[in-house]
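One chain comes next, on its own, written out as structure tokens in the form predicted on its own.
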Amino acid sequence: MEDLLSWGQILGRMGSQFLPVWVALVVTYSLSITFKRRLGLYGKLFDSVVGMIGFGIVMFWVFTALLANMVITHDPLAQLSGLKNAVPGTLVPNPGDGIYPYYLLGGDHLARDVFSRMVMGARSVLSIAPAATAFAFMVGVTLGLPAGYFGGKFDTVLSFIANLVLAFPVILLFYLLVTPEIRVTGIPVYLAAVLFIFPILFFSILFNARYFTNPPRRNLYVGIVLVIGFWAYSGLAFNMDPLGVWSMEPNLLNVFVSVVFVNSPTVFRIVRGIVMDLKARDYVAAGQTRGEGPWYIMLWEILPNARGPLIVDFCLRIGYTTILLGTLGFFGLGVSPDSPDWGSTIDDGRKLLNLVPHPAVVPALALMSLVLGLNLLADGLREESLKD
């Protein structure tokens, strides 16, 4: 057995490690293209070459995160003797049964496998960025709809608060919100208590408006939302879930709340602007003439017609959030010091960048590719949504 693999052998072995991801991608593309005419805007995405490329890159990392345990070659936190700053393709000394014989992309300054940390880094990023962005959208939509629709003092106050938050430099605001000293003050918990209530409000109002004339169904759906919502709320915001299903570590809560807090004002302004434009349309006037309530009109008439720009912004915002999470990790303010998230890994590797570049370059390329995929996906969605 050779002591060092060539780059051709490294790429071949990496390709075989990603086999479950390739299979998942092939199945996804085959089903999506076969049934694309029945899948609405998602199906139309496959008429755009740019959108298909972006979708492929994003889904590659999504499947990598989901199947990470099948893709990794070593424990991302394990340190193997003699492999400190090992070059790509280095043979593992005395590999035993069940131990992969190579560090495919080399070792970092603590002799951990760079390839496995890159793969697990996708899980770290994609477990936070989409969920936090979705929460931010719940806040922005719940407040932006009535602000744009009703206007007046309510709109003025909310717009002032949003502008006040947006006046701070984003990186500085993130830095302030995730520092350990802030956690001692309890501010992240207070923010979580406020921000995490919005998904419950959104879905409760959504189902109440839709089934207002059908009380049994309305009560059922709203009741399910309230039970599950407050169950999750107690665990995520206060770590007080009696069943232990919902919980969030303090570091993760800091990061999560920071992402939601920083992104919500921008989403609010986008939704508000769209609603102010769409509320003058004929179908809104027709709904008002039929006697439909304002929340029904906002959620079931205006919001569906704003889905194109909002979906595009959602994809772009996940990309922005990914960069921000990487920045926090780079400054040592990530989820945890040992976390294999890409930002922390880049920070670890950049200290020896002039000697061994691969520990920093590999996660940097992974981060760049995911953000590129999200931007291409957003471009494809924008292109297809304009055709509606």
Partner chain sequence: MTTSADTAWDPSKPILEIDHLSISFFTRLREIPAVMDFSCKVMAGEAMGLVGESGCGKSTVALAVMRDLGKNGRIVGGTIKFKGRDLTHMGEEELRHIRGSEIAMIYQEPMASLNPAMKIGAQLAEVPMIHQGMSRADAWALARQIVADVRLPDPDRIINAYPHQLSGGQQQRIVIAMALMSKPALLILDEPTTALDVTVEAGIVDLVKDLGKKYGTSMLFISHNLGLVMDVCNRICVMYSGEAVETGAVTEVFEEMRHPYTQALFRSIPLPGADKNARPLISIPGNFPLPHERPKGCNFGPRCDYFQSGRCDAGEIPMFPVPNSDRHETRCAKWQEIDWLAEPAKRAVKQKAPIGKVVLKMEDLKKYYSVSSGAFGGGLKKVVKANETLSFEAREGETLAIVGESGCGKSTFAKVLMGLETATSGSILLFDENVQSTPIQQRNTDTVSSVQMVFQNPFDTLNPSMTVGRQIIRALEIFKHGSSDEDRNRRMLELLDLVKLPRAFADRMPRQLSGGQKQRVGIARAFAGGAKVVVADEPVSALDVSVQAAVTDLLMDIQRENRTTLLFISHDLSIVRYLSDRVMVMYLGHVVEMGTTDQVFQPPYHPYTEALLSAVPIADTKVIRKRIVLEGDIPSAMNPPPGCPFQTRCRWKSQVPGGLCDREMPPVQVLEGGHNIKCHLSTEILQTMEPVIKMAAE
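Numbering follows the first chain given and starts at 1. On a predicted model such as this, the values are computed, not experimentally measured, just so you know.
As for the form predicted together with the partner chain, it is not shown, yet the points below apply to it.
Residues placing heavy atoms within 4.5 Å of the partner chain in the predicted bound form fall in a single listed stretch, namely 209 to 217, out of 75 to 83, 209 to 217, 196 to 204, 131 to 139. By the criterion of a heavy atom within 4.5 Å, W300 is counted among the residues contacting the partner chain in the predicted bound form. Although the partner is absent here, P250 lies well away from the partner chain in the predicted bound form, with no heavy atom inside 4.5 Å.
Contact check for D155: every heavy atom lies farther than 4.5 Å from the partner chain in the predicted bound form. Interface residue remark: D241 is not counted as part of the site for the partner chain in the predicted bound form, having no heavy atom within 4.5 Å. This chain appears without its partner; in the predicted bound form, the one residue of Y233, F314, Y296, Y221 with a heavy atom within 4.5 Å of the partner chain is Y296. Contacts with the partner chain in the predicted bound form, taken as any heavy atom within 4.5 Å, map within 300 to 330 to W300, E301, P304, N305, R307.
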